[in-house]
Ligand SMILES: C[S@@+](CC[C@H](N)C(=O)[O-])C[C@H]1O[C@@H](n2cnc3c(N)ncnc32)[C@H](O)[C@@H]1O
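The data below hold one chain only, encoded as structure tokens and taken in the form predicted on its own.
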């Protein structure tokens, strides 16, 4: 059997009972280590699960998945995913590969940012399509995300922006020279994300992400108890905050849509920087919590 097992959002204890039982019965257990991160060390996972974990990086999962699947028709093998297994298309692909080889498969789900985002007070059924925001470079500044945000906003829907992480990435020079030298891990911050959003808005000039009149909510270390940070305000306000306000990564950002309910305004107001949140909700979005 080949298992895809979600680990949840925070630490070793977020695993489900079903997931833990499956792990304990596996001959090999891989830990996917590039689409997201947990908030604890690998050694704590190994101690709690009672298993040695084999780290599976991008190359292993995307181009050498056969090594993971080998023997899974004879013994139980698991690939552990931070959050939920279907949080990335890569994991659906490896399931298809397993099934093509006649290997039985099972998916064990868990919490992910896609449902835990409701902790900010916005209702899940008011979210449109989620989009990813990648690190810009000097010569590469993709703005296709802007069109997805625009589509959501025309429908009044909120948009969850998943901010980029770079783990085991090569520089352009090392990649061109075929050198297996990797850059230090990088995680996109809220201020950098907003800077990129504003840069695209300044170019596109469609008013979709106007810094002064667009409400947004930042979320950091969701599900992490005392480490969790939620901050609400305009894009302009969030962009001006000290990065320490948001705490360590991972970070996500929500662009608030016009289909905003008074209860959402009231709930998220507890995370607001100041009264600007209520004022813009009333004057621009036409919604009051009163």
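Computed from a predicted model, the values in this text were never measured in an experiment. Numbering follows the first chain given and starts at 1.
This next part talks about the form predicted together with the named molecule, which is not shown.
Of the candidate stretches 134 to 142, 193 to 201, 149 to 157, 75 to 83, only 75 to 83 has residues whose heavy atoms lie within 4.5 Å of the named molecule in the model of the complex. Of the candidates 162, 167, 103, 208, 162 is the one whose heavy atoms come within 4.5 Å of the named molecule in the model of the complex; the others do not. When the named molecule is considered in the model of the complex, only one residue from 23, 9, 268, 281 comes within 4.5 Å through any heavy atom, namely 9. Put simply, residue 28 is far from the named molecule in the model of the complex: not one heavy atom of it is within 4.5 Å. For residue 53, no non-hydrogen atom is located within 4.5 Å of the named molecule in the model of the complex, even though that partner is not displayed.
The named molecule is not drawn, but in the model of the complex it has no heavy atom within 4.5 Å of residue 255. Contact annotation: residue 221 falls within 4.5 Å of the named molecule in the model of the complex, judged by heavy atom distances. In the model of the complex, the residues of 249 to 267 lying within 4.5 Å of the named molecule by at least one heavy atom are, in order, 250, 251, 252. Contraction of the residue 89-residue 7 CA spacing by 3 Å or more is recorded in the model of the complex, set against this form. A shift of at least 3 angstroms brings the Cα atoms of residue 88 and residue 256 nearer to each other in the model of the complex than in the displayed structure.
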